[in-house]
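Form predicted alone, single chain, as structure tokens, below.
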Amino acid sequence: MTTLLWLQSGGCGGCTLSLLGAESPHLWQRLAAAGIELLWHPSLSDGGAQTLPQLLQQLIAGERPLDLLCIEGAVVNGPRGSGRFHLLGGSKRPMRDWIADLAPIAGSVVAIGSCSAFGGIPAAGGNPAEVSGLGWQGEAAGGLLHEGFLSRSGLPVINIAGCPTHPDWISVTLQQLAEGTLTRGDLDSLNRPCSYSDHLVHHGCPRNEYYEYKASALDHAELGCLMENLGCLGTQASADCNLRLWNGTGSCLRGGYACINCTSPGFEAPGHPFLQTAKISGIPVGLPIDMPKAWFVALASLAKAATPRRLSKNARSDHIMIKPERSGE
């Protein structure tokens, strides 16, 4: 049996809420199938908070094994580096100190969500709570745990980034860890599982035809591509949101909302409104991740010149105005 301890640090609990929406199989089926025993979770465990410090002491003393340590939420280091903005209930001790003691004895350490991975939303606005990720501080390696940290399994902190994370990203990763099949080669350069980070949110986007012809929307109620004007970063965001749908049916883009690249460090402070595309001389600053700017500009000009009237009309409407028909040629 693989033991799992889940602690909540500085965050909203949204990743837990997302995890509870796991389907086919649901959360408890997945844990049982992987042979994972949940020692503690702040929302799912029925023991009172007063029992948690005792459990943590047992784990630190080696009286009970700790295979998987999951931390949800950013590590809170304020005020003035004391960590006392966030004390573990019943212990009068900063949560970050408990995490620092538990991480070296854990088989694997998993950062659940972008807050725990990189600092996320709590790091925005000047970072008044002095938060960090477990193994990263924004885009730089080295958060609470020192740069080069490796757990007992020989893996770095595994960053299941997202705001929130997809339930499958968590459950699949935990199952791989429990089975011993996750290796360093299964993580990308930001230590995110490649099972989802090897894709772009752009893959499977229902607006891809509009993107190809640069038929752009000017309002979120319209059907056109959201990249040119409305802040969509789907061509830069590492995630499979439009392939592995949320609750089996949805994604941000399928709901009409632009991708804000929430799986990446620094997404919380892009330097401009989320739903507005930053431009220089009319050209979006954030271009597709693997396309040279000159190529994009040239291809975009050609695509716009060849845009079918159907797409131009539909892109600026909230419903299909012109249906696909043969040109008659």
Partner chain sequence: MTTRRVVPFNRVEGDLELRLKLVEGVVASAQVVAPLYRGFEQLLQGQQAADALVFVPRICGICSVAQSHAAAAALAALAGGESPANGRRVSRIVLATENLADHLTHFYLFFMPDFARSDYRHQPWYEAISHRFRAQQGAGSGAWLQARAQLMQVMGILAGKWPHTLGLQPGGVTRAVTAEEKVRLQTLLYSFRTFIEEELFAADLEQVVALESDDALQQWRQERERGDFGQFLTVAAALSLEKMGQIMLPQLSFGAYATAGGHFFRQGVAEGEAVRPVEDQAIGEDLSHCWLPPHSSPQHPFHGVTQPGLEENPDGYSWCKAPRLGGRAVEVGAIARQRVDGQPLLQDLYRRDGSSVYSRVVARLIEVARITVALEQWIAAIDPAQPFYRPLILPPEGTAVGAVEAARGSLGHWLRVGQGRIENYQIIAPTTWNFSPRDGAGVPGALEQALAGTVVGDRGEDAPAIAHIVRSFDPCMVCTVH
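Being a predicted model, the structure only gives us computed values, none of them experimental. Positions refer to the first chain, counted from 1.
What follows is about the form predicted in complex with the partner chain, which we do not show.
The single contact residue among Pro273, Gly62, Gly282, Gly35, judged by any heavy atom lying within 4.5 Å of the partner chain in the predicted complex, is Pro273. Checked against the partner chain in the predicted complex, the residues Leu190, Ala124, Leu150, Ala100 give one hit for a heavy atom within 4.5 Å, which is Ala124. The stretch among 181 to 189, 126 to 134, 153 to 161, 231 to 239 whose residues place heavy atoms within 4.5 Å of the partner chain in the predicted complex is 126 to 134.
Under a 4.5 angstroms non-hydrogen atom cutoff, the partner chain in the predicted complex lacks Pro288 among its neighbouring residues. In the predicted complex, the partner chain sits within 4.5 Å of a heavy atom belonging to Arg254.
Using a 4.5 angstroms limit between non-hydrogen atoms, Ser301 is distant from the partner chain in the predicted complex. Using a 4.5 angstroms threshold between heavy atoms, Asn314 stays clear of the partner chain in the predicted complex. Of the residues in 191 to 218, none comes within 4.5 Å of the partner chain in the predicted complex through any heavy atom.
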